[in-house]
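Have a look below at one chain only, the form predicted on its own, in structure tokens format.
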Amino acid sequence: MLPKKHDYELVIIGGGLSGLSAAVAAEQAGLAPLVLEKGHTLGGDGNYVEGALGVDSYLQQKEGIKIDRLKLLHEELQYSHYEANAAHLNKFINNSGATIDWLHDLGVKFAKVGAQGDSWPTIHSFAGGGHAAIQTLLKQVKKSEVVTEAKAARLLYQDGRVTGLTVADEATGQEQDVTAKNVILATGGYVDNPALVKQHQSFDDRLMAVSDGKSTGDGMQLAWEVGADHYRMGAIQYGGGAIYDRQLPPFMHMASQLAAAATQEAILWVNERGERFVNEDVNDNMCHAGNAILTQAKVYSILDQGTVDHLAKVGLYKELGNTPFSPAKLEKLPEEIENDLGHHAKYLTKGETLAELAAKLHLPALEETVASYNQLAAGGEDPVFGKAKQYLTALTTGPFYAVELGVGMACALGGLKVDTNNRVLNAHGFPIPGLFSIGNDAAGMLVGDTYAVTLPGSTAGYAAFSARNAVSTIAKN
């Protein structure tokens, strides 16, 4: 499809969480923007996010949660090795609570607020998940012209400023030039562009994009063509471990209880020799867990029938943090295991004994590793890697299972440098007039080489904050 008009005050490229937030904010400011979405559906990866970051929100005040903003800023700058932009991060933190309140006033419902693993208590979980939040935002988009299956082919640039863009119909290839006083890039980063990921990451075929498939770096490439700075690429939001399926796309396992058991519960992880190589509770920081997995040639998560029965009938060993669901028990786990075995899933191996499992996977050290691990569990202490006593769970009851793990990539941050008003900067540090970037395209300003898992909800929180931040600047001008 192509736009109805040829001239707009504001064009927003991307109809995900940041783009829709920008559209709502623009309408509140008296603007009627054009929203372009190259896919046929709206919401993007926002449909799958768990919640949004906020500091000093209405819900935190209600729950009595108090956060020292300066301490948080200092610790996050240290976490990034001061590669994060202090001024930008500070503005995000200081306005994040108001952003949550804004979403709440629009009708977005939050189920709870708190921490995830070893983190600040900043994530406001969406009631009904990200899809429910997206649907609420869509109800508020009333004056904007929303065009789907339409791609921004190139930006129009004249006399030192962005003056519009060329829109291409995804189905027919037909093009139309549109003038605009301001353009906002909200295209979701580049996690679905293997070439860009490989260029900026130590690539491994076990890295799997867990995304909607549309985050291919469109926004940053459009901006680079008109002189934008190449900035801070390489911070991938690893989703920790993920089932390494060589046949089905990784999103097929997003709601898998077997995946949750193998990654989130993390009873015992072993490498290609069957040796334990890390404290499995590294999964409290999903990016650190991803890094740890990639240090080994292969990684298997080991379960026994006792742990399967416990997870299905008694309950979790630890609360699930990085999944689109959070049940008290994994009641479908035995059924999923039998179904996968019945379909000869190559990522799942069963052995009636440890010796049989080790032989099938050529893991020479597995039996010795499990015996040593069981001794640690019996003694209630892990002097090897320091795993917490309550999570030392023995593996004693056959049959035994091994789930091969890869690493899921939820999003890739960065590519563009922006100022504290989300204006895109050129290589000399000056704004390109008429061009703004929000969401993942600009989120490299917040991190170093590792996604800030210590600030859970930061992706969605920044999507909404940066949208309002950019629109506020446009409205003032």
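For every residue, the number given is its place in the sequence shown, counted from 1. Everything quoted here is computed from the prediction, not taken from an experiment.
Omitted from view is the form predicted in complex with a small molecule, to which the following refers.
- Each of Leu36, Tyr451 and Ala463 comes within 4.5 Å of the small molecule in the predicted complex, counting any heavy atom.
- This chain appears without its partner; in the predicted complex, the one residue of Thr307, Ser301, Gln237, Ser144 with a heavy atom within 4.5 Å of the small molecule is Gln237.
- The partner is absent here, but in the predicted complex a heavy atom of Ser215, alone among Gln264, Asn285, Ser215, Asn85, sits within 4.5 Å of the small molecule.
- Partner contacts here mean any heavy atom within 4.5 Å of the small molecule in the predicted complex, and among 185-193, 264-272, 375-383, 339-347 they occur only in 185-193.
- Although the partner is absent here, Cys411 lies within 4.5 Å of the small molecule in the predicted complex, judged by heavy atoms.
- Although the partner is absent here, Gly44 is a contact residue: one of its heavy atoms lies within 4.5 angstroms of the small molecule in the predicted complex.
- Under a 4.5 angstroms non-hydrogen atom cutoff, the small molecule in the predicted complex has Val49 among its neighbouring residues.
- The shortest heavy atom separation between Met233 and the small molecule in the predicted complex exceeds 4.5 Å.
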